[in-house]
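Quick heads-up: the structure tokens below are two forms of one chain, split into structure 1 and structure 2.
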Structure 1
């Protein structure tokens, strides 16, 4: 009896949750599955519009009296230069009082309806089909316009998006390309240092505001500004401030002797620096966008860390004071162990979001000067080069890398955190 009741409850729960499953599939899983599907197909942007026959109707000879000829030309073509169209048919509604006079075995007239079976068309096929019609008095009595009706032309064509032909050509093209591995390396630099930078800034800000003082609420609100401000506004603000010609940073740096000359922070790939007699190339533009990433998203870490700070029992700090612990010792032995859980969670979330970040870099540099990440490469492949299959392949590689990272993270994360 209990087993039967439990089975009924399970079925009821399934039916009640079915709408949720459908919505989650439609919103989350379907785009992922569609991206995987496209990644195994050589799809270009032009393939989104399926090949179709095109027709244009013209009057080549107009009758003046009964028994004259009405000549209609149908200018037809295959919209695709590569794909073959099959079972092409043309239909048109003719005016009253016309009789087909041309001996065209592909066409016939029943009543006022013209129908033509035009067979198969190879890619790039074109044809001008001219048909002569003899008119009688009823044609002039009806005063009908032969072009009043639009001819209808149809055909069957294979759809590259829905067929079951798959290939690994997109992945071979991406992985063997000259820019994929450097782009992956830049993406990892940008993700790791941007994530660590935002968490460290958030930790520092939370430490500053974890004490009560006048204006504490105002300061907390100001610290949230980079995160809540529109990304397009803050990105263009940074681009304006760092502009080598009219930016305030370069103007002040040159005026006070900090900079010898104006520096193109967002457009210069590398800058030479001397360190203990060694000449090194410093990735200037990449470092600038990493600093922007850390500055823009540190408020997210700041909020979570500050909330965890306020949950730490004060008795632990009071006991440490009695034992004569220094502020650094209290931070290292009390504060930091209490923050391990939230810091690991923040690192996971920020790593995933930064790895998938597109708009920040695209607005600041467009991926130029050594700042192209894999997300920018997805955009370039899919839209700049019109190769949707290659763009989807890069997106799948992104997904696989993140899946590997999350597997490692959950495997080796501290138990219970």
Structure 2
């Protein structure tokens, strides 16, 4: 009895989870596999539109009276220059009262329907098929327009995604390109400093709000703004705010003497800094996108750290007071150790998400001025350069690096998430 009950429960669970499974498999897991597949294939963006036969219908001779000739020309071609189409068939609806007069073995008329089996077409194939029809009285009686129905042409073409042509050229191209290693380095800078920045800001903000005061709730709501607002709105706002010509930050900075001259925060790769006689190159645009990342995601860290703060038992602080601990000592010896768990979890989560981040940099700089990360390179290769295969190859590399991070995370993450 228990056995059957357990089996029934398992079956029910299966049905309840099945839709989730199917949708997650179809949209997440399967595409990851498909991405691996595409990365080994020579696919360009243009190849996605499958090659197809194209036809245009024209009337070359219009009949005036009975037993005259109606001549129709079908201008046909293969839309692809190099892919062979197989079993091309043309079908068209004919007006009433016409009989096929041309001796064309590929075509036959059944009732009002014309159908032609045109065989296989090589890439770039063109043909003008002219057919003569003899008309009778009923043609004029019906007054039908031969062009009223659009001819239909079909063929089968090999699917570029499902055939078995493989290549390593995508990976060779990506890994040997001069761009790859700098991109990886920039990705790591962006990820590490963006993560640390957002967590430090979040910790600071959580400290500020960890005291009861009037307006605390409103403050908490305000602090979450950057995280809740749509990325496209805040990215454009930052871009305008930092504009060197008419941006308010530059204008205010110059007005109050903080900046010597207007700075192109998002467009300038490096800025020279003279530090004690040492000339240093400071990556300006990269720093700006890192600051954006820290600004946009500090609320995430803030929320989690604040929640953790409120769970620290107060008697620990009271005991420390009795021992005469100073405020900073209390922070260092009581608060921080209590936060280690959440801070390490936040670090790894944010690290992975920042590593995966595409929208922010894409909208701020488009990857220009030394801010191109791996995710932006995926887009550039696949869509800007229209080389899907190479883009998929970058995505595979990104995914492998991420898998290594994830393994680390699930090995060291605190038990029970």
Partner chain sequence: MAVAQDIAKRQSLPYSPVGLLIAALIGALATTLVVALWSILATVLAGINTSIPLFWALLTGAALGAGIGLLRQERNTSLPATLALGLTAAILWLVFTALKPLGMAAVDIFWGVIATPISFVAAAQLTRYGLRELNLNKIHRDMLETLFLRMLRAVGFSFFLSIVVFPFYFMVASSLKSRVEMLQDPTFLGINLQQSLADLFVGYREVLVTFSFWRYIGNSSFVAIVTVIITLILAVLGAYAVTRLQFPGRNLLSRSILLIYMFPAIVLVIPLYSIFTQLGLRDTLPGLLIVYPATTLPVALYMLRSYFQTLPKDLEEAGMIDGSSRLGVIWRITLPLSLPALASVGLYVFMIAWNEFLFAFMFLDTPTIFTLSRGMVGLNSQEVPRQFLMAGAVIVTLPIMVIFFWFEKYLVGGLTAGGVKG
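Positions refer to the first chain, counted from 1. By rigid core we mean the largest C-alpha set that fits within 1.5 Å across both forms. Computed from a predicted structure; not experimentally measured.
Annotation: structure 1 represents the form predicted on its own, while structure 2 represents the other form. Comparing the forms between the two structures, the C-alpha position of residue 81 differs by 2 angstroms or more, with the core used for superposition. Residue 125 shows a C-alpha shift of 2 Å or greater between the two structures [criterion: core-superposed Cα displacement of 2 Å]. Once the rigid core is overlaid between the two structures, residue 366 does not reach a Cα shift of 2 Å, moving by less than that. Superposed on the rigid core, the forms differ at residue 69: its CA is offset by 6.9 Å between the two structures. We note a C-alpha movement of 3.6 Å at residue 22 between the two structures, with the rigid core held in register.
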